[in-house]
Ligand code: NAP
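Shown here is one chain on its own, the form predicted on its own, set out as structure tokens.
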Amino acid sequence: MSTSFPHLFRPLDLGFMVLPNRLLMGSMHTGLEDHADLSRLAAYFAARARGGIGLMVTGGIAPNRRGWLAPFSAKMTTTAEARRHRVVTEAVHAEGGKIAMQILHAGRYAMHPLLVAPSPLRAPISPFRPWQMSPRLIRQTIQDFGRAAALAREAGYDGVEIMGSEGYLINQFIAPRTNKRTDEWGGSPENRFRFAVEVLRSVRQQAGHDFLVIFRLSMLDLVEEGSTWDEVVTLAQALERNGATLLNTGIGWHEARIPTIAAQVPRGAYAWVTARLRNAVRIPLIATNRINTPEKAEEILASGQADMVSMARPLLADPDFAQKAREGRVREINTCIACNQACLDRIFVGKEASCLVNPRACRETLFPHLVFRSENARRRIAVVGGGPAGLSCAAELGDAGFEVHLFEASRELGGQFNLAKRIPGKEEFAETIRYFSSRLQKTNVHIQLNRRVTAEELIVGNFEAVVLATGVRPRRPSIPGLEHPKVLSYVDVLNGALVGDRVAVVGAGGIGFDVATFLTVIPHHTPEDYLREWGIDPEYTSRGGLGKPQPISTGRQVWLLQRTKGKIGARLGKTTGWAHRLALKNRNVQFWSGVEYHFINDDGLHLTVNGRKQVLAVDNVVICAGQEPLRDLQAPLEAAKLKVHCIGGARLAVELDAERAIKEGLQLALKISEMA
């Protein structure tokens, strides 16, 4: 048992099964579930079982065709489908792990015309209106859940999780918001709960009583006409009576207008919800949402708020999370930064998930780990630039035994991440710098900080190859008056330049949004501030736990401007962009599109908006107009016949794509390692 995290690594005895620790890898769809060949899914889960997770849960698998998330997505309806999953369960069991299959019926959240729901109410996140389920179809669906559980057992799974939260079908029956029925399946709480309870009974009857059954219960809907707290307790007790082994905490519906897993959510911000239920039931409870470090997990367990903790994205970021925590190697954990860029943002547009900070996630068979080879010590590689791309490449080459020399012009590693970590809600980026720094310390990488290496030095340095990861420089648009003292770049602002009370931000891409956030958010938000700002009522005095939002702002007046017409921030992430826009609007940030810039002088920023010329009398104009690749070294190095590789922003300066940068660093390291 870990002495640092004794509660986290205490076994959990469930009677017919003992879990080795209190870590659950929560369900998250990856897109691999939908493949005909599940070998990549098997490798994905095997890596995490090998890393010591106590129990894992798959992405959602439909119990019938109507329950599909999308056409031809994963379902469990036949023996043949069960046999296909054997490769997954056998791979997990070979590594000593345990895995449950999540049964998820999308209901009105489905992205296909066969979707059904308790009432014919279209969801805001689906283009299709659902068909109302007949009593006969309801009964058949209940049987289908049980059949899926029995098939999961046949496939070798150790249990199932019934998805009863996040606004999917079961949750749609539970909440008055989506259940307008007047028959035995709607109206009173007992009638609205009937479907959930009958599904659990069907699962128990068909899968057996010595089979793990987790029920993911929506404990905080965060939508109007959601459940009351008394209803949550009553249903939890009914689920306990009818055979649930564990209750997992569900927070928020997908249509809720409150961010629940984004980076601006404080760590462990919803453990209080699970804690409220502790005295109402006797079966173990699982806390979830934004628990991404062993310290936070231990704190939640030690304080008695939950019996287990669920982590999904943190296990994408580091499959060896549990083993590293148990062995006291916390600094070596590749921490999830809750960006959603490579995982949820991809899934919600029908792509496979991965991880910004771990490009191997879901690509375990495509990106093998480099093996240390002593002969690589004779191969000298220069990496110029210690940002995400350079760190990734240097760490991989160092692991393989290359003699790597990393040159960084500034006094610290991290590159643009050192700016990102200053944005309220993006503090987690510091964890990625820490992780790569820890990796470099264990390898044969020679780090030189405050070292602006020249082309001449690289040419005479006897390097087999030079990796240019030199990043970007801010682009300066052609606006007369850019030399005026009131004009600042985003780099100036994030590095601490004094900024006035009235500010125009030129450029409404990701960096423009970050700067607007930086200028309007009071630093050091507490968890209580987060609850107040987004209108989350911890006393649960209204249905769904909704309160009145109370925006917290510095009081600055900010204008966020873009040249192009159309929606401001249209290119932001699908799962977080709406929250960034809403947060800034609540802080009275003005969004102006279709702006034509004329010049800047003492009076302010002269521009035309909607055909009308005007002057924004601002104290400062902050330029966030994109970036240009910084690769001045490339031409002289190539002229000297050196092998030069450009990665990250130095190759392509588009929206400072950190996911691409880190992935390119890995891919280049694999390529160099393969070269004779």
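Position 1 is the first residue in the sequence shown; the rest follow in order. Just so you know, these numbers come straight off a predicted model, no measurement behind them.
Missing here is the form predicted in complex with this ligand; even so, the following discussion is about that form.
- Residue 508 is the only one of 151, 170, 583, 508 with a heavy atom lying within 4.5 Å of this ligand in the predicted complex.
- With the partner omitted from this view, the residue of 341, 376, 264, 520 that lies near this ligand in the predicted complex is 341 [heavy atom within 4.5 Å].
- In the predicted complex, this ligand lies within 4.5 Å of some heavy atom of residue 627.
- Using a 4.5 angstroms threshold between heavy atoms, residue 564 counts as touching this ligand in the predicted complex.
- By the criterion of a heavy atom within 4.5 Å, residue 328 is excluded from the residues contacting this ligand in the predicted complex.
- Among heavy atoms of residue 571, some come within 4.5 Å of this ligand in the predicted complex.
- Within 4.5 Å of this ligand in the predicted complex, a heavy atom is found for none of 7, 48 and 95.
- Shown alone, this chain has one stretch from 196 to 204, 113 to 121, 512 to 520, 529 to 537 that lies within 4.5 Å of this ligand in the predicted complex by heavy atoms: 512 to 520.
- Residues are counted as partner-facing when one of their heavy atoms sits within 4.5 Å of this ligand in the predicted complex; in 456 to 485 these are 475, 477, in sequence order.
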